[in-house]
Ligand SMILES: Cc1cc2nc3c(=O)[nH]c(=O)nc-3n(C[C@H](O)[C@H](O)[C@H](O)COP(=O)(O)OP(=O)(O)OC[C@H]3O[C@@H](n4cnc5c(N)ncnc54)[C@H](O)[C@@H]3O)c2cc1C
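Just the one chain here, laid out as structure tokens, in the form predicted alone.
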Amino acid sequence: MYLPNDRHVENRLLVPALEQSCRQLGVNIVCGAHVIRVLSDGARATGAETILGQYHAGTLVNAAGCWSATIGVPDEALRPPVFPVRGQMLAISLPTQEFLSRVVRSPRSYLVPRHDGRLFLGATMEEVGFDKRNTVWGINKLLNGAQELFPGLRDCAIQEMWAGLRPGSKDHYPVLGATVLPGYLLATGVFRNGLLLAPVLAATMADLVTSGQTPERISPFSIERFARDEVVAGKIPGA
């Protein structure tokens, strides 16, 4: 398939830009405050306990990605069934800037050219816990997949290798919205689509926080679907 309007962003530039924008809007960002548990008075969530102390709020949103399930909760039914899925990637030098100008995807790998002459190759999907190490198997899989598409990459220099952890779920769909504990919301489990879904999820969760009503677009993705045993891998919740 040829997708002429396909776009991509440099996530390493996007996240610092987002932080700067938030600070300019008056958002208080606290770094290094590892969250230990959700605080509640028995009737509703009242904030979070962290290694730097307690923070109190009328509404608490768990958007901790693949670490969402590690945060202590008053009831296990509140713990999102989210787990890490490792994705290994690497960057190589393009033979020439004109060699590739569009994102190319295949079942084996995807290739993302950057304006600085690098080519990103990604990404594996591995359930190995919170292990972010690169492996011989993972990097070899990506390189072989890229060379099957473009044999001319065989002499390109490897510039960098890294790995990240995606927040996966049993059915590969997000876990969003309110929980049975008033004031405690979930925005996690976005798996491979975090950057793609970030704008719409931010707007939707803001609507939920301010109105107290769950927007229809996220109602199928409630944590309650796991309690009802309606979860099947790859099946859209409620479909």
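Please read all numbers here as calculations on a predicted model, not as lab measurements. In case it trips you up, residue 1 is the first one in the sequence shown, and so on.
Another form, the form predicted together with the named molecule, is not on view; read the next lines as being about it.
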| property | result |
| --- | --- |
| The named molecule: the contacting residue among L78, L149, V104, L165 in the model of the complex [heavy atom, 4.5 Å] | L165 |
| L119 within 4.5 Å of the named molecule in the model of the complex, heavy atoms | no |
| Contact test in the model of the complex: R192 vs the named molecule, heavy atoms, 4.5 Å | yes |
| Partner contact for L181 in the model of the complex: the named molecule, 4.5 angstroms, heavy atom | no |
| is_contact(L52, the named molecule) in the model of the complex, heavy atom dist at most 4.5 Å | no |
| Interface stretch in the model of the complex with the named molecule - options 149 to 157, 91 to 99, 133 to 141, 165 to 173, non-hydrogen atom within 4.5 Å | 165 to 173 |
| In the model of the complex: members of 85 to 119 within 4.5 Å of the named molecule, any heavy atom | G87, M89, Y110 |
